[in-house]
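Single chain ahead, by itself, as structure tokens, in the form predicted alone.
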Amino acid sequence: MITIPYITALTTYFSYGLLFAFGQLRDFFRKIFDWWSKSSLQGYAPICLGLEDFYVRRLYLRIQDCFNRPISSSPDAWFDLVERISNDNNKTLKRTTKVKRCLNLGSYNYLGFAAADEYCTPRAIETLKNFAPSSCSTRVDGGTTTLHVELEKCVANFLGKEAAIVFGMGYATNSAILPVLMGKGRLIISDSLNHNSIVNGARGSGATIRVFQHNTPSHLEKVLREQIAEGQPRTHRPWKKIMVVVEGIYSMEGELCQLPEIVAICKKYKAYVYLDEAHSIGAVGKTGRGVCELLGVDTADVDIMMGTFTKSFGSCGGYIAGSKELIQYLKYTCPAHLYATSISPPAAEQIISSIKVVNGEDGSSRGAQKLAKIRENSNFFRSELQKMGFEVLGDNDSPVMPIMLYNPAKIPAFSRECLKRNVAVVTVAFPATPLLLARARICISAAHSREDLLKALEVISEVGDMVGIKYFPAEPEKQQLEGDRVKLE
């Protein structure tokens, strides 16, 4: 867990307190002016009451130009960002015809497949001609094509599982699957920093939910022991099923899951393991098989493997891989399979083609080169940021690296100053993170060249000095150290 320096926490609380106080003051005067003016909705209750939209009105709108920035090109290493203006103090933003070419440090384009690819793009275009853009149907009606069958076999083989099922939306994969697998009398033990899709899926299942400290196997074991001993609430009967839900790489922290220890604990207490590999599949591991390959865990020990195609594979949708019995059960019961439109055929072909490139089935070594490049880029960028004095979260090999900002005033300052220098970054604040833990999240791609990374480091270092987010002393450069040694000699 992140330990916030005392002074940083104090100033951050003070900043939010100041924003809250001025927001309340403005709301007070707003009520006075509204009292004098007649409302056109007499008798109607307001849609938003008091503090329900206070954060949006008084905090978010002030810096909304830092979010939801539209682009007009493919999300490659560089992209075209559409400039926006506001004539009402940032309440509304209007797009202009001006476009700025920016270095992209925000997209999940881990392997560089989001842009045109010499192998994938022609096949996706050919599929568009043969199958059309959409099946316009659910999988159980007319939405299952030969491509969908091929894709599911391809995913299962890639992960080393018996079978797989694919869906058209990654978020819905978690939120729709968990209610099918779990229910009343079942227990879900979730990592405290799991993604919102997992949280919503767990809540919608009706199962009892318990949380363990983020990425802490010892606390997981403690929670498991207590829950098994106590049993179900009120009746104290044994749990019908226990499932532990974790992520491969945590998207807001960039940390790798301590999977070997968690799997060992789950085996000991006969609990199922549900692994979300949205950010790790294709991005880590010698052959791109995710955290299981990277950490030496047999995929047979992970009961349910979930992932998305929206990151490493440059497409859309998600998957669940597991035993044949599990997948067959999901095909009969999961609403995302029964009622949602099937994944677009060109998108399915893009996934198949990208997996073939990763496997080397395209007749080249580009897949291995991409995997080596993203690993090299990620470790280089992380080490350089740490040397500069930034507080960077996450582990080596992870392409996600959050830079801690903390103070709310530093969120727009960092984002806007980077954009002025043609570097596009993603800043993340409450409610996506805890109130005090605002950050900038950098996502590295195999498409980034060393020159791109050096430019990004130069800009981030300059802006970091300007904004004041270098919370640690910078390491002295090697040349300076060598010069000092010569002087001493």
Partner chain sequence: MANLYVRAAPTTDLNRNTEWFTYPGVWSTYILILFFSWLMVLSVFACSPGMAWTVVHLFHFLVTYHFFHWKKGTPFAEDQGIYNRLTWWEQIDSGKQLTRNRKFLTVVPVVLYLIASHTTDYQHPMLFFNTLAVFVLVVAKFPHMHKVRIFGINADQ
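Residue numbers count along the first chain shown, from 1. For clarity, every value in this text was computed on a predicted model and none was experimentally measured.
Keep in mind that the form predicted in complex with the partner chain is not shown, yet the notes after this line are about it.
Every residue in the set 5, 51 and 212 has a non-hydrogen atom no more than 4.5 Å from the partner chain in the model of the complex. In short, of 447 to 455, 433 to 441, 460 to 468, 419 to 427 it is 433 to 441 that has heavy atoms within 4.5 Å of the partner chain in the model of the complex. A residue is said to contact a partner when one of its heavy atoms sits within 4.5 Å of a partner heavy atom; residue 67 fails this definition for the partner chain in the model of the complex, lying far away. Interface residue remark: residue 340 is not counted as part of the site for the partner chain in the model of the complex, having no heavy atom within 4.5 Å.
The closest non-hydrogen atom of residue 289 lies beyond 4.5 Å of the partner chain in the model of the complex. Under a 4.5 angstroms non-hydrogen atom cutoff, the partner chain in the model of the complex has residue 200 among its neighbouring residues. Among 192, 86, 383, 72, the residue placing a heavy atom within 4.5 Å of the partner chain in the model of the complex is 192. Screening 148, 100, 219, 387 for any heavy atom within 4.5 Å of the partner chain in the model of the complex leaves a single hit, 219. Contacts between stretch 453 to 473 and the partner chain, counted in the model of the complex as any heavy atom lying within 4.5 Å, involve 471, 472, 473, listed in sequence order.
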